[in-house]
Structures are given as structure tokens and as C-alpha cells.
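Just one chain follows, in the form predicted alone, and it is written as C-alpha cells.
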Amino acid sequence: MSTTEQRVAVVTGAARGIGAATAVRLAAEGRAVAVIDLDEAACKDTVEKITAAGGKAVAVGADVSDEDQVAAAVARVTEELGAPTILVNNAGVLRDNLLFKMSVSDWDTVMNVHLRGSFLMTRAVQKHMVDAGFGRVVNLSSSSALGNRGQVNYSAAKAGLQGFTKTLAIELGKFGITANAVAPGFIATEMTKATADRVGMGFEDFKKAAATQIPVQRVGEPEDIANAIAFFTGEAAGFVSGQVLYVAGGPLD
């Protein structure tokens, strides 16, 4: 039996989309999974999918940008599942707008969830990783880190997560902890549907138009990202750290 089966994974923003697919995939890999989202009740479907397949999961409600809530969430995970040694920082929000229309609140909300949230979660969980002499941190960046009209806040946050990832790899490597980032391209989720709504386009037409610009001629699904995350969190990926993997159906400039 692989020691992977005893690992406890924490996935933030796991009530739906990429986070939910990742939680389900990691459970299938033998992890016990803490499904964290702002609304604990919204995690029910993800937890039920995992337990129905014979896995172990717990739903935890927490605002990842709140220091006290993060501490309480990690303490609860440790008590109910065991010390977490895998962390996927996936929680995210959109507050899209052109720069001259963007409010300070739009900027702060995106920065707080993506950057502050990833910092707080990683700082809280890394203690358990150091004690175990093993850890895997995966941060969700985005192709928008390369720049995207109407997303100056989101692009800046996702680019920031790449620097965050590389620095974690440098600082934590000697403790057996790796840190990597996955940067999705167009993935069919509620967030991309919100973008379609923002530009006044039907989601199916939006996806079809996007697919024509992608070399593999289709948009991505949450499971495509979960597959990449599963690799980074595995026992066999111990010599891969500080990397940013664009999962976008083709090369990006």
C-alpha cells in the first residue's frame, strides 16, 4: 500500500468547478480531503461524491482571507482528518472591469482572496508539512497572469501567485516540501460563464469561439486541471518544484 493513502489534502474553493474536481481526484488518489469553501453547505455535493466512491472527506466553511477563520479551519481539519500535508490554493473570485471603472473594493477583494488567502493557508499548513518532512503546495495561477483586458486585478493576483510559488519552493524545499503552480487557460466553469455574461455572449457561443483559438480545438474542463494538480501532489513529483505549468490546450506567449 502506498503512503499516499494516509495523506491529508486541503483544497480551497472546492464547492464547485476546478476545486471540486480536484478534491474528487485527490480522494481517488487515496487522500483524505478537506473541502473548504466560503459556504460550508455548498461543499455538500463535493463531499458526497467523494464518500459515495468510498473516500473520506469533510466540509469546512472558511473565508480564506480571514486569519482567524483560516486558523480555525486548519485546526478542525487536523482534528477530524489528521495533519494536512497537501494544500491546493484554489479559492478565487472575479471582479472584472476596465481600469478606469474598477473600484478599490474590486481590487482589494481579488487581492485578498487570491494572494492573502494563499499566504494565510500556506502559512497555517506548512507547520504540519515541516513536522512530517513532506509537503505539496499547489497554487492556482491563470493564463491571465500574462495579461487580460478587463482583469487588471485578477491578472496581477495570478502573476503574484507565480512569484509566491517560486519563493515557497526556495524557502521550503529543505523540509521536503515542493511548491508549484498550475495556470489554466479557458476552463468551462461558473467563473468563465460569468465572463461570458459580462461581455453579453451566450456561454455555448463563448466556448465555441474560445475553442477556435486553442490548438486542441476544445475548451478545458475542470478535470483537466485536476489531472495536473494530482501529478504535482504525488509522491513521485518530489524533484519538481517552483514550476508554473500552463494547462491551456497549447502554447502561450
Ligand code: NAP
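For clarity, every value in this text was computed on a predicted model and none was experimentally measured. Don't overthink the numbering: it's just position in the shown sequence, from 1.
We do not show the form predicted together with this ligand, though everything after this point is about it.
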item	value
Contact test in the predicted bound form: Val93 vs this ligand, heavy atoms, 4.5 Å	yes
Contact of Gly17 with this ligand in the predicted bound form (heavy atom, 4.5 Å)	yes
Distance check, Phe164 to this ligand in the predicted bound form, heavy atom within 4.5 Å	no
Ala210: touches this ligand in the predicted bound form, heavy atom cutoff 4.5 angstroms	no
This ligand in the predicted bound form reached by all of Ala62, Lys158 and Pro184, non-hydrogen atom within 4.5 Å	yes
Partner-facing stretch of 98-106, 136-144, 78-86, 171-179, counted where any non-hydrogen atom is within 4.5 angstroms of this ligand in the predicted bound form	136-144
Option touching this ligand, based on a heavy atom within 4.5 Å in the predicted bound form, out of Ile214, Ala228, Met191, Ala28	Met191
